[in-house]
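First, one chain by itself in structure tokens, the form predicted alone.
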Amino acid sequence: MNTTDLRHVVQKAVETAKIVDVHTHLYPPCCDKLLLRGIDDLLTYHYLTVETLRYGEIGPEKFFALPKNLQADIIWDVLFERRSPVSESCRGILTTLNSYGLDPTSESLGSIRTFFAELSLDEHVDLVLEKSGVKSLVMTNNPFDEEEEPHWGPGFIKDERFRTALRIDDMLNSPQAALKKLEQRGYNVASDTGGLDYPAMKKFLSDCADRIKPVYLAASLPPDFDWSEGSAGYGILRDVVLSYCEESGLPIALMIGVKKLINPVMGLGGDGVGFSPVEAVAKLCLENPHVKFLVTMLARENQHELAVTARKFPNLMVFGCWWFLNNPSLVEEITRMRMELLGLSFIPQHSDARVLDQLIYKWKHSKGIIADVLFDKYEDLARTGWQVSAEDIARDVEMLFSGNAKEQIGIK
């Protein structure tokens, strides 16, 4: 296969690949208002909010007091009309609008709003999944969320495109408050143990899993996360979470490295990033060989050591370029490094989307980068005399975009 044909085959295989998106913050259509969608939700997402507030033309307090449509007007004016929208977050808006056949250079924000307003919820979901190539996605489902939890009826798990993941942050980070909520929900929480009631917590996990059938448990953890006796959350992780994972066969997804609210006035955009000790991940995998771990880390400086660690532990699956790493230069660097160390045994990307329409640009941008990396690697192989066929390429692409994820989380 010559170079031109090789590039064409790789690009076509990647462009048409169906995706299993292993981590999002989306909801199925039955949740209605919980599912963020449309131009105002895209513009007022915290990626663009903090970028706008950097220019100092309006203060955070005044900005966040405005209704969403007026916030969107300000963001559009500051980032798109009076400056070139060169950031990845801004480019993502343009890629998304372009995919809908909308031209933001000639159409007003009002006409763009009209386009979205004319889409029903079901039409919008179907359209985005079709355009993004996402066959199924995994949500983030918090049993302590008082807005979400009432939706956990039969309709919640009916749409197989939307898979559930049981989020356990509250249990790890605020265990006493979590136990109080368990008590309020009728769980018999022991009050005379002098500590935490692990059996009640485990029963709660089991009951929640029975209701929503999660494909994994999940937690976001700070940069100083440690796995050693006496560390924060150690007992709950060991005796509740990991014990349940081993018994149930469910994996656990750990997202490590976020510094919460380093600037609280920025709201959801106020979080930062910190370097994390990868030794904690290695110890978790070593001491829990029968538990499958999906791990992503937020700091660029952690990526090499995490990939090296994954070489040593078959129960560790590295996934995605998370949050602040989801920028083209970093996605390319990290994907190349992982492929050179791990071959095809990783999940190169997840969207982390909180707004439905973000699926379109996040996957379009990532697919382009991953296709370039794959092409270069196949060219490297050709120089050694190893030839790949179109069938080989299709197999490899399927592994990266869906196969590895399906194997890890146990879906077809």
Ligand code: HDL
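Nothing here was measured: the structure is a model prediction, and the numbers come from that model. Note that residue numbering follows the sequence shown and begins at 1.
This protein has a second form, the form predicted together with the named molecule, left out of what is shown; the following refers to that one.
J.: By the heavy atom within 4.5 Å rule, which residue out of A177, L268, V308, A190 makes contact with the named molecule in the predicted bound form?
T.: Of the listed residues, the single hit is L268.
J.: Report the residue, out of M255, V125, I93, L284, that has at least one non-hydrogen atom within 4.5 angstroms of the named molecule in the predicted bound form.
T.: Among M255, V125, I93, L284, a heavy atom within 4.5 Å of the named molecule in the predicted bound form occurs only for M255.
J.: Okay, which stretch from 378-386, 34-42, 363-371, 347-355 lines the named molecule in the predicted bound form, with non-hydrogen atoms inside 4.5 Å?
T.: Flagged stretch: 347-355.
J.: Consider S136 of the chain shown here, and say whether it contacts the named molecule in the predicted bound form, taking contact as heavy atoms within 4.5 Å.
T.: No.
J.: S220 versus the named molecule, in the predicted bound form: is there a non-hydrogen atom within 4.5 Å?
T.: Flag for S220 set to yes.
J.: Does any heavy atom of W323 come within 4.5 Å of a heavy atom of the named molecule in the predicted bound form?
T.: Yes - in the predicted bound form, heavy atoms of W323 and the named molecule come within 4.5 Å of each other.
J.: Indicate whether Y47 is a 4.5 Å heavy atom neighbour of the named molecule in the predicted bound form.
T.: Output for Y47 is yes: heavy atoms within 4.5 Å of the named molecule.
J.: For the stretch 63-83, which residues lie within 4.5 Å of the named molecule in the predicted bound form by non-hydrogen atom distance?
T.: Heavy-atom contacts within 4.5 Å come from no residue here.
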